[in-house]
Every structure is written in C-alpha cells, then in structure tokens.
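Starting off, we have a lone chain in the form predicted on its own, written out as structure tokens.
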Amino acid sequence: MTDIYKLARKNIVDMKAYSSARSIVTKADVFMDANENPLEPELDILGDTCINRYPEPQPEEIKKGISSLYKTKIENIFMGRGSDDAIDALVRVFCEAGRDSIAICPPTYGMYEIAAQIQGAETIKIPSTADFDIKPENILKNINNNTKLVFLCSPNNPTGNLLNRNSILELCKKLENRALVIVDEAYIEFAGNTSSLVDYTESNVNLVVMRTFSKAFSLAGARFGVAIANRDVVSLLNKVRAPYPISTPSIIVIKKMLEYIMSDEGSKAVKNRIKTIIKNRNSLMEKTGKLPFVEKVFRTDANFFVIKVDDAKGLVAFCREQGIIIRDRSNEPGLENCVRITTGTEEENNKLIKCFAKWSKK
C-alpha cells in the first residue's frame, strides 16, 4: 500500500466496494445469481452473442490486450466508458465535497471542472502560458494543501498543442505524496513520434495517464477509455465505478479492434489512417490561413486546430446554416474570437473551404 491511500477520501478507503455477480464468478455452466432474464431477446440483435447476461465488469481479455498495446501491467489498468468515467471516478475518490479541490490550466477540456462541480469540489484555475503550455512553479504557487488532483491535457483540448513533458514530470516529483497529476492523452496518436507518458507511471506513483479509443481508433460510439496508474489508484477507482461499466456490444467491438491493431496489417492500417488525417489537417490549415478573415492559425499536435477570426460567432452561425458544424471557443481564456475545427475527410474539408469562401464574400 502506498501513500496514495492517504490522499484518498477516508470513507472510500474504508468502504467495501459493491461486489456484482460477474465480479465474483465469470465462467460457469448455469448462471442463477444475478436476477437476469434467462431467455434471450426474441429480436436477433447480436447473433449468437448472449446479450441477456451481464458482462464482466473489467474484462480480463481486454485488459490483456490493453496491457500489450500500452506496454503496462494488467493491475495498472482501469477501464470505463471513455476517459470521462476515469475523470469522474478520480474526483469522487480523492475529493471531499466542500473541502478538497482540483487544479486545471485553462483553456482545457471542460469535463474536469464539471466533474469537480458535481462532487462539490473547488476548481482552481491557473492560466496556461501565452503558448498554452504549463509552468510547474505557477501551479505549485496557486494550489493548496487540499488540492488533490491536477488535470492536464496533452495534446491539449481545445488548443491542440502538446505540453512540455519535462514540466509534467517535474510537477509529478514536486507533488509526490501531495496530489495526483492526471494527463489526458486522448489525442497523443496524432502527435507524430511523441511517446506516451504511460512509461513513467511506474516511477511516478502519483501519475495517472488516460487513453481512449474514441479518436485515433475511430470508436467514439463504443465509449471506451482507460486510465493507467499505480495499482493502488486503480484499486480505489474500482471501488466507485459502475457495476458493469462496459456493455457487451462495446466489449465485442473493443476485442475486435484490439486484435486488429495488434496485428501487422492492422497496425500499419491505423498508422496510415493517422498519416492521412494529419496530411488533410495540414492542407486544411494552409488553405484556411490564406483567407482574409483569418487572423491566426494556431499550431497543433492533434486531429484538430484553432483559428482566430474577426467574428467567431457569425462564422459559426453561417457554417451551421450551410450544414457544417464547427465550434466557437471564444468563451475560453486566451481564445477570444477563436474557432476549433476538427479535421474531416478530404471531401468534408473541401466543403468547409467553399463555405469559408462564401463567408469571405459576404
């Protein structure tokens, strides 16, 4: 047991986790323990798949695949419905309502603050630097003894840039036995040859790295993500997760995807798709940057990018009228009149450029 347990809420440490039927026994000839309907639905939904039975809460077969994919130990893996499940579980485990806080560096992903608000925890906002990076000394200066979690997004959403790796690791060292540093790597696959911080979770017990299948692996609809952390952190997260967080259809999809991306053919295909997205992104950025209403195109390491325009609200509304949805991020600090654009297919990108051309002539 590590000092992680001293950071967690005492009632979570002391509580006995709910033990669902499938968390006790996963294989048997006859299941009569979980109050399921023994009759499969008349509608043929998933062929031979047994949809009337509960799935494993943390399927071992998927854990093994994730372990191979991310080069980490099975006991260091927490799985849920996208990264959002991990965010919610972390805040519930470590933040006492009305007492503890999290820290974020805006502009960043909004769900960190939402999860804290739901839990009744304070959110300390430490603005990022002019180029949307972090300074460990600024974070350390602004947090307090009740700050239990520091959420960082790299590449950052909505700005798209990678955070400085050395700064993140320095923060982990400075906050050892004091707070957890959570790094959301939802878009890391688009960041070229940049390696994940998963490798550093062994040497930094307070580092948590979140990964998702929603972006590079094209499985946003399957709702699957993982948190990789010290085994004690994972043990605590499993105390507050839903009894069956991953649905049977999602498990089937994830298994197939893991088999595919771990094969030579699948691995090459995924890498080629990522290269195509990056190529299309760069082309779209170049074309967008030449438009008269675009004041700046921000650098990015993700599958999206941000532009500063003369009228973000008007541009977004006009695009919507044309059937194209982009996102106004003007409400975020440092992003006044800025719009975030996700890279589409080549055809979709061309439609956007034509739409922008129409806006230019208004």
Ligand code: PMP
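As the structure is a prediction and not an experimental result, all values here were calculated from the model. Residue numbers run from 1 along the displayed sequence.
Omitted from view is the form predicted together with the ligand, to which the following refers.
In the model of the complex, none of the heavy atoms of residue 160 sits within 4.5 Å of a heavy atom of the ligand.
The closest heavy atom approach of residue 223 to the ligand in the model of the complex falls within 4.5 Å. Using a 4.5 angstroms threshold between heavy atoms, residue 175 stays clear of the ligand in the model of the complex. Proximity of residue 153 to the ligand in the model of the complex falls within the 4.5 Å heavy atom cutoff. Here the chain stands alone, but in the model of the complex its contact with the ligand, taken as any heavy atom within 4.5 Å, falls in 212-220 among 212-220, 197-205, 116-124, 240-248. Of the residues 277, 186, 258, 143, just one reaches the ligand in the model of the complex with a heavy atom at 4.5 Å or closer; this is 186. Site annotation in the model of the complex: the residue of 83, 288, 128, 76 reaching within 4.5 Å of the ligand with a heavy atom is 83.
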